[in-house]
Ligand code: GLA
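Quick heads-up: it's one chain on its own, the form predicted alone, in structure tokens.
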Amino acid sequence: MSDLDRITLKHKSLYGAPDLVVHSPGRANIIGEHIDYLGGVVLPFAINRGLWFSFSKNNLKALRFYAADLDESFELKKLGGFNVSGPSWFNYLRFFLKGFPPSFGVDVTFGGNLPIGAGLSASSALTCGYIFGMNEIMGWNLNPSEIIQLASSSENQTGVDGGMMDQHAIVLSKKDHALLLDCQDNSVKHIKLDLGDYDLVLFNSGIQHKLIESGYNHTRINTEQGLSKLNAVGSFSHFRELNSDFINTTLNLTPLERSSCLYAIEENQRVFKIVAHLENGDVEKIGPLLNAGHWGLSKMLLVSCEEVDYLVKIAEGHQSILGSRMVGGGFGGCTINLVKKGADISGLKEMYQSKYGDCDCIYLSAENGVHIIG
């Protein structure tokens, strides 16, 4: 049974036939990690994994939720007062509902095939999918930019001070394309994702990252403090104007501030280089940039972990893998790999399993953003 059928049938058994069915994909990021909140450029895409939502109106003046993957029900009997305690996933929806209380009761069932804590933005898929569906069923007429802003704001209020890359990718992605997002002005361009003889494949380390409990916010603070010190010395309008010589000769930076700022300008440059290679059909040139991006995250930004570093190391030694890097905010999750079509990668999985445990493998395709089913 497909996930769509599973969610729809469960909703029907609990609440009756749905009035609306929505798919909200997860996202992977080819390159451009930890620079969205600095106003950098990033290259994510919506993936062939995600969440499905069934919505229906009720006459109870209540919001009823069923999280199918967790077998967890939750009910709000009043259309307001959203400060009540609830499941952890409800925190991502709470702050949106406080600003947009519904005018009538709604039942929603959701679930899918996104691994939790894998760096594929399950939380943003939940938030964007729910806001998109509520917008449709309530007739609020929110445009895509407003949905993105509301989802980002609601997620940030849970304690993770992230950027808006995930929400843009989940809402605006186009099938068979990556999304080139300039986070300085939120302008977008769809880049044809033609990888020729190669596939993008995720290897899941099995280490679930929890960004609220990890050093994600601290990483952002370090970089922003470094940029602030640099600006006090040289006065620039955006970090893209910086170069490594200026950063290296500015004396009042801590070692981590310096390496974080160097990483930011190098990663931003890697995005433009990979876009050029995609547009020119030079897929083989992308691999080394992926590797460089990972070791920047690991050694300069300090947001990787032992297990993910090991996955990248063994991928670098595989003759059928052009490049590999961690994807997502860090501290666990998946690597994204450029793999020759039809290549036998079972040995890589066995190497990881013998040292750390099971390693799921997910072949990716670029899909449309959040949308109504049918």
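Numbers for residues come from their place in the sequence shown, where the first is 1. Just so we're clear, the structure is a prediction, and the values are computed from it rather than from any experiment.
One more form of this protein, predicted together with the ligand, exists but is not displayed; see below.
*From the list 329, 323, 26, 44, which entry has a heavy atom within 4.5 Å of the ligand in the predicted bound form?*
By the 4.5 Å heavy-atom cutoff, the listed residue in contact is 329.
*asked:* Going by heavy atom distances of 4.5 angstroms or less, which of 96, 82, 216, 90 would be at the interface with the ligand in the predicted bound form?
replied: Of the listed residues, the single hit is 216.
*Stretch in contact in the predicted bound form with the ligand, which is absent here, among 35-43, 65-73, 312-320, 341-349 (heavy atoms within 4.5 Å)*: Single hit among the candidates: 35-43.
*Is residue 165 one of the residues lying within 4.5 Å of the ligand in the predicted bound form, judged by heavy atom distances?*
Output for residue 165 is yes: heavy atoms within 4.5 Å of the ligand.
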